[in-house]
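The chain below stands alone, shown as structure tokens; this is the form predicted alone.
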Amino acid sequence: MLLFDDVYSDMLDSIRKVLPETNSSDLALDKTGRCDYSFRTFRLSKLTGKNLDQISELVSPAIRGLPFVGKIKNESGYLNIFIKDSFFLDSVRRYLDERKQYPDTFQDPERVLVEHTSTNPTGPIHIGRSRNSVIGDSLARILLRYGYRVTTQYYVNDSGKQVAALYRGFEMFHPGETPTVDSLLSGYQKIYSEMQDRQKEKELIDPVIQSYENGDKEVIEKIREYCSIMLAGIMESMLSIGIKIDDYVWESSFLDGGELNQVFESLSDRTEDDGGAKYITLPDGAKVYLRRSNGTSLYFARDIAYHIFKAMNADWVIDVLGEDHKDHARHLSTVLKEYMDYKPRIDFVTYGFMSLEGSKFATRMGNIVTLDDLLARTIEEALKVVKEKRPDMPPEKLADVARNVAISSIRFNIIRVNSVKHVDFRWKEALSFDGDAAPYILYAYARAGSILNRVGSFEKHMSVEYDAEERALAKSMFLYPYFLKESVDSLRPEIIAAYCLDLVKTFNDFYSACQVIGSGVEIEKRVTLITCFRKILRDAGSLIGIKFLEEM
């Protein structure tokens, strides 16, 4: 949980003591610029029969005594509440000085398991799937920052049709060769071109699945070997943009385990037969198959078993899935909650597809752009931009800056868009120093550092008067915990991306309007503002994978 001076909760609690009918929607952070918080009286007037003046007579004295409240104004059905100018910066600075971070956290005992990426180990991770990784990793970081005990997990799909095709393709088209990522991918793509209909697929793939589930050790070992080779490449690619997963769970581990047997036993009373295949019918009429007619299990059954396993180690389970898995998620939730008495909270975060400069991709057909490809090209493009802005920078420094800018730009460009919306990655937008992009954030951080490096000694005298831009920056920093909370409550990491942009825009307004060096009695306050700004921006930006630089 977050620890900070929660003025919103303090005001709400005080108001409820005199007006118990108040709910959280009646008090809101004001975004119009008229005040800091507004108390809306419309609903309460209707509910209690009291007019604005009567409500004000109750509420104003209740909150006016709070140490942070400045003035209160009645205006058109609202109580406009202003926080004291100095409170915002004083509160932020105190936490940073005493607790070393703002907000501070108290570790919540709740265990959260975030499963993300989990792409089939049948090829390199492509840019579409990398969106899963960026969203999942950012969510895990945000939840950890909030105070939860967080574990990330990758579900390695080494069972079923696609890995059977990986095995069969390599054995058919590269017999006797040493398996590599390239040869495995080649065989995988070639066998899919062979399987033009279900009959051909049955001839090539079904015997492999049958042998696998019947415990054929040679087939099992080979599939595990081939999947491990592919998985190592995926792990390396993710690590290149700062993503490391805690645990890897192999789907095959549930084939002969108690969890899968528990699934079939728990659902036996609901199971129906379709020519030997087994399925259950859900309340919405959907038929969900658990077994094939030859007795082998299907992915849905194994995924239920996996979630039973997750429940042993988590109080809250979060799955990050592509939008094409929405029905699977809905059906899985129904079965777990209504038929399996699943105890943990479970949430599904789905995301829209991603394209590159308008192009879409299909792994099986070979039309892919991998995450490695994207990173290499983005580094190349970032190097051009940085060279143009800093021709004086040494080559080795340029290369380091370009790489960090590229990683930050890829992650920010992906995360800033609401997960359900489509993302089209475009280099010009992602690498902009002037727009809603990572370089814009990185440059502000470096600029703030440059100012602090040039500040010499000065007399300690904190001015109590605040210019509008000073107050706006202090307020923006003070509000950081509320954005953190909103991001956790909604499982939307793009809220943190939007906060970073807004904080930087507010800093740039301050930078343009408020002289720092040589500003007389204002200097201590302005140096404090910049120092706090860098710490909070770095804290927030790191949650979404931005790699900050001291020099740009």
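Take the two forms, superpose them, and find the largest set of C-alpha atoms that agree within 1.5 Å; that set is the rigid core. Note that residue numbering follows the sequence shown and begins at 1. Everything quoted here is computed from the prediction, not taken from an experiment.
The form predicted in complex with the RNA is left out here; the points below concern that form.
The closest heavy atom approach of Arg34 to the RNA in the predicted bound form falls within 4.5 Å. Contact check for Arg302: a non-hydrogen atom falls within 4.5 Å of the RNA in the predicted bound form. Using a 4.5 Å cutoff between non-hydrogen atoms, Phe348 does not count as a contact of the RNA in the predicted bound form. Contact annotation for Leu491: none of its heavy atoms lies within 4.5 Å of the RNA in the predicted bound form. Just one of Ile517, Val521, Leu66, Leu47 comes within 4.5 Å of the RNA in the predicted bound form, counting any heavy atom, and that one is Ile517. The partner is absent here, but in the predicted bound form a heavy atom of Arg330, alone among Arg149, Lys71, Arg330, Lys397, sits within 4.5 Å of the RNA. Listed stretches are 459 to 467, 140 to 148, 288 to 296, 169 to 177; the contact stretch with the RNA in the predicted bound form is 288 to 296, by a heavy atom cutoff of 4.5 Å. Contacts with the RNA in the predicted bound form, taken as any heavy atom within 4.5 Å, map within 433 to 470 to Phe433, Asp434, Gly435, Asp436, Pro439, Tyr440, Tyr443, Ala446, Arg447, Ser450, Ile451, Arg454. Thr41: CA moves 2 Å or more between this form and the one not shown after rigid-core fitting. Between the C-alpha atoms of Ala446 and Leu431, a gap widened by no less than 3 Å is obtained in the predicted bound form, as opposed to the form on display. Shown here is a form in which the CA atoms of Phe433 and Ile410 lie at least 3 Å farther apart than they do in the predicted bound form.
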